[in-house]
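What follows is a single chain, given as structure tokens, in the form predicted alone.
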């Protein structure tokens, strides 16, 4: 898998990626998954990445971009008729 956007998060991203690939191929695709076993690792990665983005001042730019495109997202995410 690819490296994280924040190098300080590479280790936890790698653990999550490995967990996800194993869960996806061994359980999800076979229809035996009952939960997302990798969610705790994803949350750790998400927290690490959020902290890194905030430290670099990127979090506010990301929020602004999301806010600016909220209407476009809503339009493209609504069900097709």
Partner chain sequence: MKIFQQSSEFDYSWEEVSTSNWRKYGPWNEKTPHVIAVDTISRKVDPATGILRTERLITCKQSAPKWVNSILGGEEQSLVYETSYVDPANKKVTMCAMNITYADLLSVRETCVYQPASSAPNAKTNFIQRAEITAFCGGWQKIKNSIEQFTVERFQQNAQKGKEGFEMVLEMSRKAFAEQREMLRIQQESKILQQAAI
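Residue numbers count along the first chain shown, from 1. What you are looking at is a predicted structure, and each value in this text was computed from that prediction instead of being measured. Take the two forms, find the largest set of C-alpha atoms that superpose within 1.5 Å, and that set is the rigid core.
Only in words, not in the display: the form predicted in complex with the partner chain, which the text now covers.
At the 4.5 Å threshold, heavy atoms of residue 66 reach the partner chain in the predicted bound form. Contact between residue 53 and the partner chain in the predicted bound form is found at the 4.5 Å heavy atom cutoff. Within 4.5 Å of any heavy atom of the partner chain in the predicted bound form lies no heavy atom of residue 41. Shown here without the partner chain, the chain has 28, 29, 42, 45, 46, 49, 53, 58, 61, 62 in 27 to 64 lying with a heavy atom within 4.5 Å of that partner in the predicted bound form. After superposition on the rigid core, the Cα atom of residue 48 is displaced by less than 2 Å between the shown form and the other one.
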